[in-house]
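Below: one protein chain in two forms, given as structure tokens, structure 1 then structure 2.
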Structure 1
């Protein structure tokens, strides 16, 4: 069986090769898919590599795709279904990392960190601030998958009211375990002081948060998106930031890299990060370990974990 891994250029290839060579020495590792044809039956990639029909047709013998990420919207699903190719992701490696990033966004806004930092670096000693506690706030989680659950677990010690919406309501015992209060989406939007998005990008979620949704949010509420940029109408969000004092923590954007001339990057009540909420030293090691482990399962004739298709 032949294997190939496609890594984005910013990932240190030699370090990955050193690890992989000890377990799967036959694994070929490349930075792009510039050749016209590949003989590999197993393809490993991250979400940073576009796997449209054009790229996938270069693999006439392809049987299995392993995406080393939670998301897999970079893959042409219709082609994969058409060819009967197995597709797996790794949904467990970065869930805690994303959850911590969301809490960091929340606390930076609530504790007025950006203002205080800038004031002191400018030689000022502010006596008053708009700093607030996280305790007692209504924290809305939209999408209660693995990341949503990890976020809820970490919010419990803060003594917040955790609201959630998902297309599938959880069992009552699980809601009680994580301190969750189910609400329909509109009710969650109206009641939450903080809203964090944890949804996959689908036809139904694309543009899910637009002008209507932002108009229902509390003035001055915090909106956080670490899921996919296309879920949010960025122009509608920008309008809400200006008119309702919404504060936004954005790790993802409709286009990546985004247009840095966009007004969103000039707003004082916006914090941004480069689609890196789930990227920590620890999570990358987990991704590598879980990815290799799953490919080995497939190579040994076992059913791989986390199968999407």
Structure 2
């Protein structure tokens, strides 16, 4: 069987080659797909390599594509469907990283870090601060999937009240285990001091947080989005930031990279990061391990896990 891995240029090739030769010597490693034709049955790639119809047509024998990340927007889905190729991602490597990122956003706001940091670097010693505790706050998790659970687990020792909403309610014993209170979405929005979104982008979730939802939020509440930008109506959010003192921690945007002239980037109440909540050195290592495991699974004659198509 033939295997090929396409790596972006910035990854050290020689090191990877030395390692891969000890794992799967049949694996070829390349930087681009510039040849006309490839014999490989298995293609491993990151999201940095565009796999449109044009590239994929070069692989007449292709049976399985493994993308070494959660997202796979770089792959031409219709071509993959048409040819019956197995497409897999790695959905399990970065959930703890995202959960930590959400807690970081919350704490930076609650502890007034940005302000204090700014003041001291300007030579001031502020006597008063709006710093708050996370303990005792009501933390609303919208979407209780793998990331939601990781977040809940980490919040429990902070002694927060955890509210959650999901289209499917969990079993009672699991709710008890993680200390979760189930609420309908509107109730959660009204009661939470902090709201964090952990939903996939679907027709139902697109624009799920709009003017109506923000109007129900507590004044001064913290709103965090590390899921998908399109779930939130950014103009409605902007308005809520201005009128209700909502604080927003945003890792994702409707368009990425976003228009930096947008008012969002000028607000004190907004902290942003460039869609990297799940990207840490440690999560990259887990992506690598899981990718290797899945390709080996295929090489062993088993069905690879995490098939999305």
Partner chain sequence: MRGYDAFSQTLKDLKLLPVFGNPGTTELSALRHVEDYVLTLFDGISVGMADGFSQFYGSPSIVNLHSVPGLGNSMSFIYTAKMNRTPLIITAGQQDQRHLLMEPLLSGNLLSFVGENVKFKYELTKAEEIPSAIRKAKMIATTPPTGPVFLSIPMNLMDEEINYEKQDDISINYNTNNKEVLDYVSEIINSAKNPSIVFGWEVDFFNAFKEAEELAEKLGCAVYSEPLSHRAPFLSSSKYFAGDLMPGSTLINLKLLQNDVIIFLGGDITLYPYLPSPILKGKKVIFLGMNIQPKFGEFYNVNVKIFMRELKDKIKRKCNFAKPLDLGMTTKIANERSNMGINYVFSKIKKEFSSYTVVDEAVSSSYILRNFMGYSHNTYFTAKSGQLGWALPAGAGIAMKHNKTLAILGDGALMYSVQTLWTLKRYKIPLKIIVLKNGGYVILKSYASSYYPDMENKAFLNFDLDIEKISSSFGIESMVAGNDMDELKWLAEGEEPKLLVVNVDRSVPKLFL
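Superpose the two forms; the largest set of C-alphas matching within 1.5 Å is the rigid core. Positions refer to the first chain, counted from 1. Only residues modelled in both forms are compared. The model shown is predicted, which means the values in this text are computed figures rather than measured ones.
Here the chain coming from the form predicted together with its partner chain is structure 2, while structure 1 comes from the other form. In the two-part rigid motion between structure 1 and structure 2, residue 144 and residue 280 are assigned to the same rigid part, each C-alpha being placed with the superposition that fits it better. Annotation: rigid-body hinge motion between structure 1 and structure 2, rotation of the minor part against the major part equal to 13 degrees.
When the core is overlaid, the C-alpha of residue 55 ends up 6.6 Å from its other position between structure 1 and structure 2. Superposed on the rigid core, the forms differ at residue 44: its CA is offset by 3.8 Å between structure 1 and structure 2. In sequence order, the runs of three or more residues whose C-alphas all shift by 2 angstroms or more between structure 1 and structure 2, with the rigid core superposed, are 1-89, 298-301, 306-309.
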